[in-house]
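A single chain, nothing else alongside it, follows as structure tokens in the form predicted alone.
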Amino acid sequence: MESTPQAVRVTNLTKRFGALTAVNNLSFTIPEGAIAGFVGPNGAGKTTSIRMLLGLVAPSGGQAEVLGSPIGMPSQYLPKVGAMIEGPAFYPNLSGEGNLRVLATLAGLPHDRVHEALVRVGLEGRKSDPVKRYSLGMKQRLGIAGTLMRNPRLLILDEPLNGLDPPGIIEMRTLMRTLQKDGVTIIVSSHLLGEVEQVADWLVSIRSGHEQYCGSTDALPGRGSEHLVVRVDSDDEAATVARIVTKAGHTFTKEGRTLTIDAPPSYARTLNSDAMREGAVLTELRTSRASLEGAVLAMMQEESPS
């Protein structure tokens, strides 16, 4: 990955608040052009890390670079960074367009960027409606529109999917993919691993302020593994399949009459044949790939906090 330009590079970054170490020798990279999921349980240090990257909190140790500039010199990179750290706040009685015009004025940006930003987030048709009539998803998109007026190369979104209904989540996914195609690097801090899986191609997982994993989502340990899922109609058949699988040297987990077997897809034919010979009929036999959520949770269970 060293040959790929890095949008963010963090090395041994640490932040202490008195006796509390919120971020502990954290190191990770995020390549340019990625949609990076920044995940971890509550209290893992995600928000503190983001605030350090944005120059809002001074680190206690370590170093980091954003778009090639050290975080100790935020004026060099912040003009190229858009961020939505908390839910966006707007004047409810002003229109979406009116709110963005206020933001543009405060930021010293030309007002012609307002229309462009509304088009990019799909709100051009609702630009004249007061924000109090916007759904939560629309408000989130309007917040992103506010950051896009700066034409950022890097966009940092803290829990952008929180509280959204399914249509709102789909809208946000689509928007993030569109921005990625436009060359924007996106960091999505979230605890919704199932939703991160739908959009992220890079993952940084932290726990207790330190890195657990940094790399592509497909390369996450356990993510690429495939299992066989077997279902039968009786407890006796389930016991038969369990005996066959154990004899073949494979491990499994059992939930009722469904067995999830740690075996490659190539074992399916042999298992089906052996089960039929022993009088067990497999009513379901399929492969299943470990989810991002399952792989991350398994990694968290294996590693004890430091």
Partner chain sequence: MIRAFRAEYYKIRRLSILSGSIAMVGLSILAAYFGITRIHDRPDALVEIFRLSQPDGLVTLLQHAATLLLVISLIVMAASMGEEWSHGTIRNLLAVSPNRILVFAGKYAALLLYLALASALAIVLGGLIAWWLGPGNGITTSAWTTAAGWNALATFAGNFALCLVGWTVFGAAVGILLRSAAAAVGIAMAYLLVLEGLITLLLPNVGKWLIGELLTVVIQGGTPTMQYSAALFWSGVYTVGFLAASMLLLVRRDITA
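Numbering follows the first chain given and starts at 1. Treat the numbers as computed from the prediction; the structure is a model and nothing was measured. Basically, rigid core = biggest C-alpha set you can superpose within 1.5 Å across the two forms.
Only in words, not in the display: the form predicted in complex with its partner chain, which the text now covers.
Q: Is its partner chain in the predicted bound form near all of P167, Q180 and G183, within 4.5 Å of a heavy atom of each?
A: So, no: the whole triplet misses its partner chain.
Q: Sort through A248, A268, A242, V57 and report the residue having a heavy atom within 4.5 Å of its partner chain in the predicted bound form.
A: Among A248, A268, A242, V57, a heavy atom within 4.5 Å of its partner chain in the predicted bound form occurs only for V57.
Q: If you check G194, G125, G163, P92 against its partner chain in the predicted bound form, which one has a heavy atom within 4.5 Å?
A: Selected option: P92.
Q: Want to guess which of 169-177, 133-141, 199-207, 104-112 is within 4.5 Å of its partner chain in the predicted bound form, heavy atoms only?
A: Among the candidates, contact is made by 104-112.
Q: Taking heavy atoms and a 4.5 Å cut-off, does R51 contact its partner chain in the predicted bound form?
A: Flag for R51 set to yes.
Q: How about G87: is it within 4.5 Å of its partner chain in the predicted bound form, going by heavy atoms?
A: It does: once its partner chain is placed as it appears in the predicted bound form, G87 has a heavy atom within 4.5 Å of it.
Q: Taking its partner chain as it sits in the predicted bound form, is V188 near enough to touch it, meaning that at least one heavy atom pair lies within 4.5 angstroms?
A: Because no heavy atom of V188 falls inside 4.5 Å of its partner chain in the predicted bound form, the answer is no.
Q: Counting only non-hydrogen atoms and a 4.5 angstroms cut-off, does G215 reach its partner chain in the predicted bound form?
A: Residue-level check for G215: no, no contact with its partner chain.
Q: Let me know which residues along 61-86 have a heavy atom within 4.5 Å of its partner chain in the predicted bound form, or say none if there are none.
A: Heavy-atom contacts to its partner chain in the predicted bound form: P74, S75, L78, I85, E86.
Q: Would you say V102 moves between the shown form and the other one, meaning its CA shifts by 2 Å or more once the core is fitted?
A: Yes, the C-alpha position differs by at least 2 Å between the shown form and the other one.
Q: Rigid core fitted, is the C-alpha displacement of Y77 between the shown form and the other one 2 Å or more?
A: No; that C-alpha moves by less than 2 Å between the shown form and the other one.
Q: For L142, is the CA shift between the shown form and the other one at least 2 Å following rigid-core superposition?
A: Yes, because once the rigid core is superposed, the C-alpha of L142 moves 2 Å or more between the shown form and the other one.
Q: Between the shown chain and the other structure, the Cα gap of T174 to R133 differs by 3 Å or more. Is it closer or farther in the predicted bound form?
A: They are farther apart; the C-alpha distance rises by 3 Å or more in the predicted bound form.
Q: Knowing the Cα distance between L136 and I170 changes 3 Å or more in the predicted bound form, does it shrink or grow relative to here?
A: Compared with this form, L136 and I170 lie farther apart in the predicted bound form.
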